[in-house]
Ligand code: ASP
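Only one chain comes next, encoded as structure tokens, the form predicted on its own.
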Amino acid sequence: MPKVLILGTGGTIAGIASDPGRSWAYRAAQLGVDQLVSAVPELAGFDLATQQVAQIDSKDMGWATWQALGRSLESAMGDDAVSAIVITHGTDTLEETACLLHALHDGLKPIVLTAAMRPATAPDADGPGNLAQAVRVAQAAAQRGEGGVVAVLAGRVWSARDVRKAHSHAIDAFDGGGAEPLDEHAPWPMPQAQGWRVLRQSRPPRVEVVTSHADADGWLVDAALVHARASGDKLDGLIVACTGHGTVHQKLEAALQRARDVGVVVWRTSRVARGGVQPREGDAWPAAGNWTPAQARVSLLLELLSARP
């Protein structure tokens, strides 16, 4: 049987509540990955290895944790004993990590992200079932010779390029932004193979997200530019969560133009749940396609990194 390496990063799947009847009052990232595995009897028959990469609430995800995860994944890719990788993650930023891994992975081994909406101590804990399915999906993909990155949540398999959190608290909280879940026999989308070396850079570009809305006058953009000049901490990119299909309040647009004039890269996404912003002829501002604002931030960050000398 293919050997599956399970990398733990924390999250609600590793969370506990002092009162199981009040499972919403929990602390994330309290159980180690070995404890998560031992709590799922079904996994006893699998050839597994575990490694604790991080132990954080995924709302606190950042470059340093991605670097640690990248080191573990790069090592696993070169280990002939490892056939597939499962990553336990928090739900809040799962779509960002999935987007990152889709960009970097070469597709030669399957990577499966999984998470939970309920802590491990909840009566309706979904983590054990999600973890068991993630291991089965990873092992089956390895047996087929399938590579790439997917997320397994609430009984469904999502491409890493599409998955996003669509509900704040339901157990079935994820969807594909209009894309359908993957059929168990369908080939996985091929990742972009940018390479794990990207994560070796000590400091990523600074890319921030702003939102267009009623009365959006660009104050935050101008404040960011003032801060960048005063601190010397360069602002490299801005993602705009636009109204509708990429529209921007005229006052915010004027501020974005001021940012672009001093070298800030600006991309448009949509604050609308599905559809994204598709490129059109004559666009003044680049469109980020189907990415959510958070995913677009990761994508622009990687593009700016690749442009560094």
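Residue numbers here begin at 1 and follow the sequence given. Because the structure is predicted, anything quoted here is derived from the model rather than measured.
Only in words, not in the display: the form predicted together with the named molecule, which the text now covers.
A single residue from the set Ala116, Ala84, Leu238, Val163 has any heavy atom within 4.5 angstroms of the named molecule in the model of the complex; that residue is Ala116. Proximity to the named molecule in the model of the complex, taken as heavy atoms within 4.5 Å, picks out 58-66 from the listed stretches 58-66, 276-284, 243-251, 30-38. Highlighted residues Gly70, Thr97 and Trp196: none comes within 4.5 Å of the named molecule in the model of the complex, counting any heavy atom. Contact annotation: Phe46 falls outside 4.5 Å of the named molecule in the model of the complex, judged by heavy atom distances.
Although the partner is absent from this view, Thr292 stays clear of the named molecule in the model of the complex, with no non-hydrogen atom inside 4.5 angstroms.
When the named molecule is considered in the model of the complex, Glu146 lies well away from it, no heavy atom lying within 4.5 Å. Contact annotation: Gly127 falls outside 4.5 Å of the named molecule in the model of the complex, judged by heavy atom distances. Contacts with the named molecule in the model of the complex, taken as any heavy atom within 4.5 Å, map within 3-19 to Gly11, Thr12.
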